[in-house]
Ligand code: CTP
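A single chain, nothing else alongside it, follows as structure tokens in the form predicted on its own.
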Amino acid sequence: MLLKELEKFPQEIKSFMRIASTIAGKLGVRIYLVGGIVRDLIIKRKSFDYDIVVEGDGIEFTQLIADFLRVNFIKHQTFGTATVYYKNYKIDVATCRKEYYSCWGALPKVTPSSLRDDLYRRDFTINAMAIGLNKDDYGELLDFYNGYNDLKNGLIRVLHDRSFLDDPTRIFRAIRFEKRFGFRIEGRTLKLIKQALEEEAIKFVDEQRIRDEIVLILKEDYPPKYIRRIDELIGFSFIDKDLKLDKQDYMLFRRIHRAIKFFYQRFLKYHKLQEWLIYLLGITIKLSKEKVERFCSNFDFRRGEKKILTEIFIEKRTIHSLKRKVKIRKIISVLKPMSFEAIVFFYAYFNNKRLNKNILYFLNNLEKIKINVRGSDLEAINLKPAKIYGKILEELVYVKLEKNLLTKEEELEEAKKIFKRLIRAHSN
């Protein structure tokens, strides 16, 4: 019985489950808490995923809950699933279903089924347990596939021999769970992974699905250990056939980890980093710009992510100038166009004292690079033409730092000087 563990849920979730249980009883369907939340309850690990399955019509059931609670929900008719937004929580509800795979790596076709079938379609035994939420089994653990023992013994085990052929992305998930929990992949399961890799099963999966798994892995705590395990089991030929990692790369990944921690300790005022992108930069930096562009296109990265991953090659050339003592405006002109992810990456990648000193100067003073003068101020003192205001204000940023300007009046005086220089330069 896990009733005591359920009582540790936030009050809003406990309330939601009791209401759901009552509605299920009136509707004549059975409901269960499933998946990662059950696993995490058993090992007393904090979890934020609340997944419920219904032996019945999941969407109809969700509609009744949403109406009762007067909250919004989103339905996904094709998959018989829905999402309820209650208080500050997101609860996913699904119809119990059975899956059929038409070929390796394809998305499954689903049909309504029983709880036992629904759990059997899942990736590993430790994720194939459920907790009853019905009046007669509230808080009771249902474990058809020995997941509880595997969880207690620290084993990652698939439920059937075709698991990695049906869905090769489970290979990445096996690595993720193995390293997250400090478990080991059970012997037969490891053999099935190797067989699937020999059959090149990963090639049958849409690249976008592989991308999603890699992003999840690189978002885990201390990604270097996950990267090493991917390299050991799979390699990185799915990114590029010539991509191979070596000892220097793993030293870089460790430096990236330290650089990210240092960044957060010193510069909490900045927005949160996309840490996973910095590690991905560490993996792809060995490739050519053309190969990374192809990788980004094939794996359908977002525009901003692609920009960071590809522009690093141009930035890598320009940042070399900061390996020596340079003027403030040079530091700013090189680093200001870069993403914070690129800056932190270069801090780790080059590991050069002078360059890192220049980066730290830039980061320490970045928030100070604010000028009080606006275009309207230049217009008020009759500086024309207005089309050069942008250049004046850009130059004023550098001058403000170099001369340590403190007041708006000082900035306006310098703006007039910059204006005269620009007009003189134009007339010459």
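If you're wondering where the values come from, they're calculated on a predicted model, not measured in any experiment. Position 1 is the first residue in the sequence shown; the rest follow in order.
Separately, the form predicted in complex with ligand CTP exists; it is not shown, and the next lines address it.
**Item:** Stretch in contact in the predicted complex with ligand CTP, which is absent here, among 48-56, 357-365, 25-33, 373-381 (heavy atoms within 4.5 Å)
**Value:** Flagged stretch: 48-56.
**Message:** Please determine whether R180 contacts ligand CTP in the predicted complex, using a 4.5 Å cut-off between heavy atoms.
**Reply:** Residue-level check for R180: yes, a contact with ligand CTP.
**Message:** Would you classify E315 as touching ligand CTP in the predicted complex, given a 4.5 Å non-hydrogen atom cut-off?
**Reply:** No, no contact at 4.5 Å.
**Request:** With heavy atoms only and a cut-off of 4.5 Å, decide whether R211 touches ligand CTP in the predicted complex.
**Result:** Looking in the predicted complex, residue contacts with ligand CTP do not include R211, since no heavy atom lies within 4.5 Å.
**Prompt:** So in the predicted complex, does any heavy atom of R157 sit within 4.5 Å of ligand CTP?
**Reply:** Contact check for R157: no, nothing within 4.5 Å of ligand CTP in the predicted complex.
**Message:** Quick check on this chain: which one of K336, K330, R266, R173 has a heavy atom within 4.5 Å of ligand CTP in the predicted complex?
**Reply:** Of K336, K330, R266, R173, the residue with a heavy atom within 4.5 Å of ligand CTP in the predicted complex is R173.
**Request:** Identify, from the list D249, D150, D167, E341, the residue with a heavy atom within 4.5 Å of ligand CTP in the predicted complex.
**Result:** Exactly one listed residue reaches within 4.5 Å, namely D167.
**Message:** For the stretch 122-143, I need every residue with any heavy atom inside 4.5 Å of ligand CTP in the predicted complex, listed N to C.
**Reply:** Contacting residues: R122, D123, N127.
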